[in-house]
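For reference, the chain that follows is the form predicted on its own, supplied as structure tokens.
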């Protein structure tokens, strides 16, 4: 079992973010007899998945929708699949855009280096 501060440290996020995710219905930690939030390994695995979705620019509203669908049960499998496939398409588009941007930057950097080399005569 993990405390809120343990989970925050493991994931590199704040306790405030974890409380926000709870408020949004994205995570439902267990409460100990004192009422403190306690997280188990399944909560940690779920939050790691949530963090991946966030890192790939999935909006909180879609993460919330996915979480709610998951909690509704197996009859929502197709809806969850559709949501994840749509997000994968978005990630693939981001990758294409980043790859194209990287090429532009690489070419611009090479042009600057070439210009500097010509100006200074240094190779």
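All figures in this text were calculated on a predicted structure; none of them were measured in a lab. Positions refer to the first chain, counted from 1.
Quick note: we don't show the form predicted together with another copy of the chain, though the next part is all about it.
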- Query: Is residue 32 close enough to another copy of the chain in the predicted bound form to count, meaning some heavy atom within 4.5 Å?
  - Reply: no
- Query: Should residue 85 be classed as touching another copy of the chain in the predicted bound form when contacts are defined as heavy atoms within 4.5 Å?
  - Reply: yes
- Message: Residue-level question: is residue 61 within 4.5 Å of another copy of the chain in the predicted bound form, judged on heavy atoms?
- Response: no
- Query: Does another copy of the chain come within 4.5 Å of any heavy atom of residue 14 in the predicted bound form?
  - Reply: no
- Item | Interface residues of 75 to 113 toward another copy of the chain, as seen in the predicted bound form [heavy atoms, 4.5 Å] | 77, 78, 80, 81, 84, 85, 87, 88, 91, 92, 94, 95, 97, 98, 99, 100, 101, 102, 104, 105, 106, 108, 109, 112, 113
